[in-house]
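One chain follows as structure tokens, the form predicted on its own.
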């Protein structure tokens, strides 16, 4: 997802610098020399400067009001920010664009004065090779601030992202949208891993009743955590997004295929923990979580 958004920004003539995780990622990027994105109209190549977190300095940030997009896996968020703590004050806003929930609280605890914005997207992409992406699903992107950021983050700080040539919007109630996104991910990510399939294949007839049960339990949780906020019909939302991204490989499924860590604790695990904390029974989600823990890397 980071590569996809780097390309969105680059094509809109924004300067982009990639901050890579480690020397292995840097070596891989140097071999590729570009980020390729496969789209319906063909392959687009984008060239960026790149550096390691340990080498970046304030002098590398040559543009005023610069934003930092954090597109690591949720479990790497805090480590990623700590690796560039020496330049964090140079950013006017930090945009966390990830699946899952729980990481925002960890960031706020570690950096209470950091201006953080959250972003969620239904665009889909998967890796064909290192730094070669397939843009497999087109959808909306929403940006907003959480309650603890009201004094530090304003809509104007998202102006460059909102002006991109993609559907991007500001939401004053991003927390509700995050919960809906989490709910959808619990179903789509979970079932694509268990079934070893692409997103659209979970719409098979034999999964219909299970999706209904999962969505019914999610409705109970959302009614509790989003009391008073309007939310979409979750079954309709799950089936709509699965159909819109039918050819995409879900992020958790990609992680399993690569044999890397997953965001399970920040998606299905977070949902089950919150349900338990609120005394809401979600047996279908507990069963799905158990299946996933048997399948995904620890």
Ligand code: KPL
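Numbering follows the first chain given and starts at 1. For clarity, every value in this text was computed on a predicted model and none was experimentally measured.
Although it is not shown, the form predicted in complex with the ligand is what the next lines describe.
Asks: Based on heavy atom distances of 4.5 Å or less, which listed stretch (249 to 257, 43 to 51, 268 to 276, 28 to 36) is in contact with the ligand in the model of the complex?
Replies: Answer to the contact question: 249 to 257.
Asks: Mind checking whether each of 72, 96 and 103 has a heavy atom within 4.5 Å of the ligand in the model of the complex?
Replies: So, no: the whole triplet misses the ligand.
Asks: Using 4.5 Å between non-hydrogen atoms, is residue 68 touching the ligand in the model of the complex?
Replies: No - in the model of the complex, heavy atoms of residue 68 and the ligand never come within 4.5 Å of each other.
Asks: Looking at the partner-bound form in the model of the complex, is residue 264 within 4.5 Å of the ligand by any heavy atom?
Replies: Residue 264: no, not in contact with the ligand in the model of the complex.
Asks: Taking heavy atoms and a 4.5 Å cut-off, does residue 199 contact the ligand in the model of the complex?
Replies: Close contact exists here: in the model of the complex, residue 199 approaches the ligand to within 4.5 Å, heavy atoms only.
Asks: Should residue 193 be classed as touching the ligand in the model of the complex when contacts are defined as heavy atoms within 4.5 Å?
Replies: Result no; residue 193 lies far from the ligand in the model of the complex.
Asks: What residues, if any, in 163 to 198 have a non-hydrogen atom within 4.5 angstroms of the ligand in the model of the complex?
Replies: Counting only heavy atoms within 4.5 Å of the ligand in the model of the complex, the contacting residues of 163 to 198 are 181, 185, 188, 189.
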